[in-house]
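A lone chain, given as structure tokens: the form predicted on its own.
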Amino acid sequence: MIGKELVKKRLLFGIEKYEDVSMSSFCTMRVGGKAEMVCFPKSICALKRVCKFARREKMRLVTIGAGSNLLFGDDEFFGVVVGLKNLKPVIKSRHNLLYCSAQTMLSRIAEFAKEKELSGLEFATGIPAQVGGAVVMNAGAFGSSMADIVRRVLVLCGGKTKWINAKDCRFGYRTSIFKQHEMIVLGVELCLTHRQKDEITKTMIAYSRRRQVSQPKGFSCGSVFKNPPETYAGFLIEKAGLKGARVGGAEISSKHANFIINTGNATVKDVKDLIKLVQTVVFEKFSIELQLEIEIIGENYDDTRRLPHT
């Protein structure tokens, strides 16, 4: 649902554009400062025009998708935010390969693969992200990740499209080459394996139930912190006695300690202060520095890296 602050809406040359808009409307936690300009191209050609405009005007540019793992800081973001929601989702299959456009929801692709009796995406059940963002951050769950199934990635770089093979994507734990380089993910080719549909269905149902039992409902950005080696961030936060801890309208979930919930009136400052509290207490108790899994954009943002499409 688009918020009331979306003003000066214009549809120009296939580009839906907003100016001076609160980014809370585009983030699943429903908090965030303003952005100077937000554009939703309706075609790849329109997307190229937006990128060309940003380069010509020397404006910073970031891309977003479902907004499920990012926050925009309280300070206004002076630059161009590009969303891909107006591009048509595409899923195509050939033997054990799937091509998916970046803006296609990951859970929809998992369902499509199930119907084709293709296995490898069961872990994606219930992840509220677009596949482009899932590739950028190498999303994963239940011991699997995008790195396990990506064959190659189609990107826009310097105004041109090109394919990048999986071995050159530099996948790591919740990271990839796309987080450091100026490339926009347009699509991905996945290599899956054949498996009986009923077996895939059983696995997806089991994963879905585990999510329902362990993960809270409400406005959040999913897992806030990366899991340190050989342990879990949520476990450390719970053992530190921080379940239910609250700063303003932001609260550590009593159901899963690695989730921060917007109880209704949280600000980005509330969320950031709660993050700092968690990092401080966990380090004092366990000498472990928790690293953010979510991206915070805007405040002190002085480079031009493109962020995840999730």
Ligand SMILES: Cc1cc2nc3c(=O)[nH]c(=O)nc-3n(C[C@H](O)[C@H](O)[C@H](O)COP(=O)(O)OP(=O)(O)OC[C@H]3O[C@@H](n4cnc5c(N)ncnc54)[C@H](O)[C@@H]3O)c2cc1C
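Don't overthink the numbering: it's just position in the shown sequence, from 1. Just so we're clear, the structure is a prediction, and the values are computed from it rather than from any experiment.
Omitted from view is the form predicted together with this ligand, to which the following refers.
Subject >> Exercise: residue 210 in contact with this ligand in the predicted bound form, heavy atom 4.5 Å >> reply: Taking the distances in the predicted bound form, the answer for residue 210 is no, it never comes within 4.5 Å of this ligand.
**OP:** State yes or no: in the predicted bound form, is some non-hydrogen atom of residue 152 no more than 4.5 angstroms from a non-hydrogen atom of this ligand?
**Re:** Residue 152 lies outside the contact set for this ligand.
Original post:
Using heavy atoms and a 4.5 Å limit, would one call residue 64 a contact residue for this ligand in the predicted bound form?
Top reply: Taking the distances in the predicted bound form, the answer for residue 64 is yes, it comes within 4.5 Å of this ligand.
Subject >> is_contact(residue 253, this ligand) in the predicted bound form, heavy atom dist at most 4.5 Å >> reply: No - in the predicted bound form, heavy atoms of residue 253 and this ligand never come within 4.5 Å of each other.
Original post:
Of these, 242-250, 271-279, 32-40, 64-72, which stretch puts a heavy atom within 4.5 angstroms of this ligand in the predicted bound form?
Top reply: Among the candidates, contact is made by 64-72.
Subject >> Position in contact with this ligand when the complex is considered in the predicted bound form, options 116, 174, 170, 195, heavy atoms within 4.5 Å >> reply: It is 174 that has a heavy atom within 4.5 Å of the partner.
**OP:** Scan 215, 86, 227, 107 and let me know which has any heavy atom within 4.5 Å of this ligand in the predicted bound form.
**Re:** Contact check passes for 215.
**OP:** Would you mind checking 114-142 for residues with a heavy atom within 4.5 Å of this ligand in the predicted bound form?
**Re:** Sequence-ordered list: 126, 127, 128, 129, 130, 132, 133, 134, 136, 137, 139, 140, 141.
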